[in-house]
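We begin with a single chain expressed as structure tokens, specifically the form predicted alone.
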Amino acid sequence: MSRIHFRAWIVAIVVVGLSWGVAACQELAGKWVFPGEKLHNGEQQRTILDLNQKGAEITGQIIALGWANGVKGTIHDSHFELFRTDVEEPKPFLVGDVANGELRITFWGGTHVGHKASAQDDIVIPAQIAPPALHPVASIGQAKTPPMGWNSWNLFADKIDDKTVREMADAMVTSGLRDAGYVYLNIDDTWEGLRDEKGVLHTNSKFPDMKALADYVHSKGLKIGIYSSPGPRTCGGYPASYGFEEQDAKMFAAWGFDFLKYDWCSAGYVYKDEAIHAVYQKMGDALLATGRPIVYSLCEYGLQKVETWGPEVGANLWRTTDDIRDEWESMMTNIHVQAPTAPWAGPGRWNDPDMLEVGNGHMTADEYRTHITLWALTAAPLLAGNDVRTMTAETKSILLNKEVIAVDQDALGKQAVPVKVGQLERWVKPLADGGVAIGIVNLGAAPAVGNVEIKDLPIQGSAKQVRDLWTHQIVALQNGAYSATIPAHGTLLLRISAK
């Protein structure tokens, strides 16, 4: 989840301006509110737009329960287009029109209406609690290989509940995922209820007994994860751990959780990005103090070069990218953003380009094979995000390819980097046995021939055997080389062992 990506179940928000003249500009200045759905804890979601306009130029800020972001755009007559201020993007993420004192916008396929906000609509930002002084958090030696498992967000979003988690636990066993190494079953956002007078955060009605649920997951030979944020709200607008870090960490440990995903989101309300190191350190200290081994996963989208300081706050993995979507462009963008972080990857410290979309239906089988191939070559966590209860045979063959998983889980922990030649992209990963794994990705829209020259690879010794990890066959070299036709958006993945 991302502080800048809206959930499909949260009413989208928008900013707008006009070039109709002075009177129209004055009408649009100020705050607008977009009422949202009721959260599962009974609170009302809403989004506030604080707008400024100068001629055809629009600037402002979007603030919701869970995130805030700057916006900018332009207006032509009554129609506007809005872009985020934190990234360069070719297309507007929101378009809309103004009419009759209302803002009507289309965003991610939905149409929504906003009106002028009153004082009662304001979102109160809590006073800042100073972050602690920096110090290293002791490592307890977890996550020697990239964590593997399943996360609820990509498919279920706010629809995840106790019943579904139990069914997923059952399916992870019967499908073979658990035995292949997918052992973490992680509950993402929207489990939260409200805090009581003692500050205890209760679950909402979707999760009646979190301790019993954790016990059930453990009984299946799996581990279980949970989600929170260092800000006052989660991305979805639910109460988060701001000011309650120690209390929440103790609660997670008492429930029996083994993994915490900690999402930046509304921390931007109260902290500058420069404070992110100390802010994440606070929860790292709190988790360590519980005495329970809890894998600590940071979700901060690569802010402040997290790969360079993540281990110092007690973390085992950290996001390097924005949220992934189930489409080729998003998947490839994320893995290319991940590429420069390679020097900092290794046992216990993993760069995370976000969860897997394999099996969710919006990419081809070749694209999904490329997806997991690249995650394996870059030593990324493998956290499935599909419905494991109803996997097709093809999806199973991709997720359960033990030879590909072995590349990801290689004990050396090296992360491959790309070299692009025309429409082909080559990724080479050194392995603990002295050999290498090499992937050649066809970025083009037509089949292409990929060539591998053994002499160009960093093998310790000479090549002993060359194996295609998707066909599960040993392949023969011709004059020290191998060639194969790679389908559009597909990948050739070879493991070359050394003598």
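The first residue of the shown sequence is 1; numbering continues from there. This is a predicted model, so every value here is computed, not measured.
One more form of this protein exists, namely the form predicted in complex with a small molecule; it is left out here, but the text below deals with it.
This chain is drawn without the small molecule; in the model of the complex, the residue among D326, D408, E367, D323 with a heavy atom within 4.5 Å of it is D323.
The listed set F252, Y242, Y271, W153 contains one residue whose heavy atoms approach the small molecule in the model of the complex to within 4.5 Å, identified as W153.
Contact check at 4.5 Å (heavy atoms) against the small molecule in the model of the complex: none of E307, R349 and P381 pass. Contact with the small molecule in the model of the complex, judged as any non-hydrogen atom within 4.5 angstroms, is confined among 168-176, 90-98, 315-323, 116-124 to 315-323. The small molecule is not shown here, but in the model of the complex it comes within 4.5 Å of a heavy atom of Y301. The small molecule in the model of the complex comes within 4.5 Å of no heavy atom belonging to K429. Using a 4.5 angstroms threshold between heavy atoms, Y280 stays clear of the small molecule in the model of the complex.
With a 4.5 Å cutoff on heavy atoms, Y227 counts as touching the small molecule in the model of the complex.
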